[in-house]
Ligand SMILES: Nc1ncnc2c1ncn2[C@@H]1O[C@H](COP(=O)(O)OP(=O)(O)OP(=O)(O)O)[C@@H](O)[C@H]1O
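The data below hold one chain only, encoded as structure tokens and taken in the form predicted alone.
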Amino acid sequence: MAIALAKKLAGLPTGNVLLIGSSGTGKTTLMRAVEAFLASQSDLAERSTQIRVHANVLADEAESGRPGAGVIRRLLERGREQLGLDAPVDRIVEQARDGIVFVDEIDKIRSVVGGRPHLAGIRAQEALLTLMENASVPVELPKWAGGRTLAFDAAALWFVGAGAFEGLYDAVHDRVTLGRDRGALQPTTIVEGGTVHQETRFELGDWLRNEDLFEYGMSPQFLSRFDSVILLNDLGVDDLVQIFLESPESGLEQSRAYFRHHGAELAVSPAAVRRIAEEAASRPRMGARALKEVFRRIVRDSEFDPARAARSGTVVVDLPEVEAALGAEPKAD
């Protein structure tokens, strides 16, 4: 992502990127990081316009007969925000032509769902393909831009698609264990603590093929427009510890702000943090989102009555409190 962005900002040819990863592994976070980086310096902000759209919106627009036009209009609106409402229309169009398009949950526009053609997904893929093939796309400008029809040159647009591709992991695993490539996955000999045993380890990145994505519902023509297909790893315990402690959006920071509002501080011991991360890691399909659910179970009772939970002005969460909360039956919010 960093190399592709550097090429984009340098005006060099930049390949489109497809991110595949389970929920909570950082796909949207990467997109937001690019947005924040470009917005952090005025010269960068003026050199590229970026938008983020949900793939389902593109499918709806494609069904209504406006393939690709919605993306271009969003780029024009964003360019106008950056350059000012009084900026010349030609300058806004130029800004939009150099844009970055983030397509979130791109797996939702698969062409096949439940073994049947998904017409909205097919149309949405075709709409994006039109833009990604550097075609000149006719678009009706907004009223504030005069309303005329313009041939929009999409040659310089950079696309980053991202999706969880739910079911892809299981489909590939079945192919190499039960299906046409049965027997390809062999056990690995592991030596630990003086003992030797065998484990069968499956990593999606080792076995994923383009054909798997075709079968999932990404057309060959559409997939070929992505130069890089990147698989994001599931988050490990150390990753989750770092996110829990450092992310401004973590449940820890939210709870600290809440307790400070009630005149108390929140302290979480290193052992408690580690145990929280281990519990979240046991739910790999949720990624970093599992941290909030786990931590909410631990601090919920204290948040209900902060004054009672605080001792000398501090609410302390240590390993015994974590174990007690995790061992209790989950409560409804």
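Residue indices: 1-based, along the sequence shown. As the structure is a prediction and not an experimental result, all values here were calculated from the model.
Although it is not shown, the form predicted in complex with the named molecule is what the next lines describe.
query: Which listed residue (E105, E77, E140, D153) meets the criterion of a heavy atom within 4.5 Å of the named molecule in the model of the complex?
result: The residue from E105, E77, E140, D153 that makes the contact is E105.
query: Between the options A120, I243, L157, L128, which residue brings a heavy atom to within 4.5 Å of the named molecule in the model of the complex?
result: Answer to the contact question: I243.
- prompt: If we take heavy atoms and a 4.5 Å cut-off, which stretch out of 8-16, 305-313, 21-29, 318-326 is in contact with the named molecule in the model of the complex?
  reply: Within 4.5 Å of the partner lies stretch 21-29.
query: All three of A164, L235 and R289 touching the named molecule in the model of the complex at 4.5 Å, heavy atom to heavy atom?
result: Checked in the model of the complex: all three residues contact the named molecule.
- prompt: Can any non-hydrogen atom of E199 be found within 4.5 angstroms of the named molecule in the model of the complex?
  reply: Close contact is absent here: in the model of the complex, E199 is far from the named molecule, nothing within 4.5 Å, heavy atoms only.
- request: State yes or no: in the model of the complex, is some non-hydrogen atom of S219 no more than 4.5 angstroms from a non-hydrogen atom of the named molecule?
  value: Taking the distances in the model of the complex, the answer for S219 is no, it never comes within 4.5 Å of the named molecule.
- prompt: Wondering, does E249 line up within 4.5 Å of the named molecule in the model of the complex on heavy atoms?
  reply: The answer is yes: E249 has a heavy atom within 4.5 Å of the named molecule.
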